[in-house]
Structure formats: C-alpha cells, structure tokens
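The chain below stands alone and is given as structure tokens, in the form predicted alone.
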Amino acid sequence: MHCHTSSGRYRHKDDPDQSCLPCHQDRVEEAVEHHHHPEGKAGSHCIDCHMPMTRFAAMNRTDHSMLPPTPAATLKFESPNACNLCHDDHDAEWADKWVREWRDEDYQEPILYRAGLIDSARKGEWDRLPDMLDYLTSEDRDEVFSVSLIRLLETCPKEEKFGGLLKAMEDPSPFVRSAAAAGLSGYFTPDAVMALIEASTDEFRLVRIQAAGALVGFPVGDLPNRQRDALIKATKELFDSLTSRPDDWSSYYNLGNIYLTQGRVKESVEAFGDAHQLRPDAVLPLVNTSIAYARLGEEENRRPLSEKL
C-alpha cells in the first residue's frame, strides 16, 4: 500500500524516490554519494538500480526483489544485473569492479550465498541440504528466500529435511510457517501431526489452510475432540478458499485433488470436470480424471480422456 494504491496504481510516478521514504531517508537525501551517478541522469533514481526492468514469466516488469545491483551474480549464475542492463557496452566484471570500489563491505556475498542454495536445490544437489536447513533457522534469513527453499525441498528424498520443516513451523513469519506446513503434507509422524494441528489454529488464515491441506489424508477420527474440532474448522476454511472463485479452473482442480486424497473419488471426478469445462486446454484435470476413473474401475471412461492428451 505504500508504493501502490489498492487498485495497483503507482503513488509516486512523478517522484519515484518518495517510495523509499521514510525508511531510507539518509540514502534519498544523500543520493549522489550513494549511487555515484549524476543527479537527474539514468541511475540517479532508487528504482534504476534496485528495481530494474527484467523479463520474468514472459513479462517485462520491474524487479520487485529490490536487491542492490549484484554483477557478481551475473558472473556466477548468468542472472541480469542493473548495472549492465543500463551499461550494456560493458561486461559484468567491469560492473563488479565498480560496486566493490564504491562499498567497503562485500554486500554481494550474502546474496550470492542465498542464490547458491537456491541453485543447488533446483539442481537437486542435496549434499548441501545441511546448509539449506541451517539457513532456514538463521537469524538473518530472508523470508522470501526461505519460502523458495522450502518449496524446492519437495523433491528432496532425504528424511532429515522434515526436521528443518518442523523448525520452520515456529518461524515468526506466517509466510514461512505456511510453506513449512505445506511441505509437511502427508508426513504423519506424531511430531508433524501435532505441529500441523497447532498450526490449524494459527492467527493467520494462510497458515491454517495450509496446515489443513497437509492433513487432508489424516484420519480425523483418531484425534481428541478439541484438536478434531480445530482441524475441521480449518479444513472448512480451506474448502471455502477453493470455492471463493467459481470462475477459476485451478480452484476446482485443487478441490478435486483433495477429494481424491480423501477417497471421495466420485466428487473428485465432478470437480475435475468443472475444471475442464472452465479450461478445456488444461491437461492436469484430464490426467487426474483418468486416475479417478481408474480407481473406480471404469476403464471405458478413462480411455477417451487419456486420448485427449
């Protein structure tokens, strides 16, 4: 809300540096000393260096990570940096030399370290799992990077990741707690179940519905009344969140997956059918409808859907 209105309009179009106040007042008031560019020229506004235009998800958009220019990341990971997006007649080594000359501290090092963890997780280099788990509980962890790591841990086959996810369930950030809850989905050890049930009463709805989603396949009847009631309430919130947008095909697809996990196969077929009607070119509802029909033993219904792929 500080930079944009609720409808997405930019509040400080004519003077973008106002977006950085009051948190960074010293940098804005002593701008030239900070950015080392002539006043009024390219590179003299905060967003020039901290929010450069990049391409992401098939869109050209300003980088909302708001990190400082990191040419060292270009050298190591071939990612774009603000310096060379503007100074395209120079290379990243040139830019790296300048930012290191301008700053006494190596501000790029922690950025490279986090990026290295993300890169290793994407590549499935799980020998670095201890470093990843240590980062999740470190005092200087960034919540967005932490959530990214937690989501990437889904493909990690090592059991020790769950210990890290259980610790992340106690993180002060609801964003991290919700991701950790989702990461514990289907992991029904006593400690994990208790952590998820406790999370189903979290003050933040995102955490509550992710915890409920993680316990979808857990036998609720085995729980004491108070815990069962809390989980049932959170599960209702989960279903309400999925049915709040009746024109969104993915809501019905996710609803179908829950029904399938719960053994409510006929209801899953109906939900997948709704998803297919809203988005006929989406493959996932067709695949999962075929799985549902196979579980029902209706091979004649399964084959035509498979042929649509």
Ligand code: HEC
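Given the structure is predicted, the values throughout are model-derived calculations rather than measurements. Residue numbers run from 1 along the displayed sequence.
We do not show the form predicted in complex with heme C (HEC), though everything after this point is about it.
- Mapping the unseen interface onto this chain, residue 283 falls outside it, with no heavy atom inside 4.5 Å of heme C (HEC) in the model of the complex.
- Though the partner is left out of this view, residue 53 does not reach within 4.5 Å of heme C (HEC) in the model of the complex, counting heavy atoms only.
- Although the partner is absent here, residue 11 is not a contact residue: none of its heavy atoms lies within 4.5 angstroms of heme C (HEC) in the model of the complex.
- Though the partner is left out of this view, residue 95 does reach within 4.5 Å of heme C (HEC) in the model of the complex, counting heavy atoms only.
- Exactly one listed residue, out of 117, 83, 212, 147, brings a non-hydrogen atom to within 4.5 Å of heme C (HEC) in the model of the complex: 83.
- Contact annotation: of the candidates 46, 242, 265, 258, the single residue with a non-hydrogen atom within 4.5 angstroms of heme C (HEC) in the model of the complex is 46.
- Candidate site formed by 20, 24 and 66: every one of these residues places a non-hydrogen atom within 4.5 angstroms of heme C (HEC) in the model of the complex.
- Annotated contact segment (heavy atom within 4.5 Å of heme C (HEC) in the model of the complex): 95-103, selected among 233-241, 119-127, 95-103, 215-223.
- Applying a 4.5 Å heavy atom cutoff to heme C (HEC) in the model of the complex picks out no residue from 213-242.
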